[in-house]
Ligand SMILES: Nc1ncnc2c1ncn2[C@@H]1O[C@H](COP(=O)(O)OP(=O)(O)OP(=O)(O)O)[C@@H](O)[C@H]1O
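To begin, one chain is listed below as structure tokens, in the form predicted on its own.
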Amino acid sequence: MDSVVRLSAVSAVYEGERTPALHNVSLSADRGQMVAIIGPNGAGKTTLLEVINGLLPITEGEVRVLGEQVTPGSHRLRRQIAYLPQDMFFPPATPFLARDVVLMGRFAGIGPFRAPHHKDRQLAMDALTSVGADALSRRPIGRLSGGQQRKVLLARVIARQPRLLLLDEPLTNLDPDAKGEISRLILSIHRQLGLTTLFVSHESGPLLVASERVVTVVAGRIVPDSVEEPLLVKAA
């Protein structure tokens, strides 16, 4: 299988910190895999996603996504990555309509200072329909519930047409019914689009059960799980 994500002996430190947030981490994820990333708070799980997305410069090692080396200037490469940060919610006063938030997923492909085409708007509406949120298209995003907002954000992922999906705690702050619905949507998106998906989670559930691999991060290092072996994971 082709590796979509490959980290080789990667270390990373946040500005102003002395202790590495990641230390000598090696990890690979193959095309079409769903990989769960678990571990205690502050272990480096979010940092791992930021490094893969080129949002945090590394101090040692190499990160490659889709065969290309990731750097802070990898803007073209990041067009093929959809990243949903943790706790991404819109306050009630947010004026954007749900359909406009989804359309924002097309902006990376459209380019700066260019207006979206009819095709882009149609892709956005099709994406809303695919997650069962087309009835929300004309409602302000800030007036939607947490589960509804997450549906809209997943529609934006679909509209972006990525090859790699990074999710940081996608079920946080949702009620049990919404967690189940969003989990099913994520699995459907992953399978229908043939994505490679890495997600951070601190709880069990359908996503963890469906994952082909579970990677544990502790104190900035990846620890192989004997239950999941063989993992394509190495730790210092």
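Since we're looking at a predicted model, the values are computed, not measured. Numbering starts at 1 and runs along the sequence shown.
Omitted from view is the form predicted in complex with the ligand, to which the following refers.
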{"item": "Residue 86: touches the ligand in the predicted complex, heavy atom cutoff 4.5 angstroms", "value": "yes"}
{"item": "Residue 194: touches the ligand in the predicted complex, heavy atom cutoff 4.5 angstroms", "value": "no"}
{"item": "4.5 Å heavy atom contact, residue 47 and the ligand in the predicted complex", "value": "yes"}
{"item": "Exercise: residue 40 in contact with the ligand in the predicted complex, heavy atom 4.5 Å", "value": "yes"}
{"item": "Triple contact flag 14, 21 and 169 to the ligand in the predicted complex, non-hydrogen atom at 4.5 angstroms", "value": "yes"}
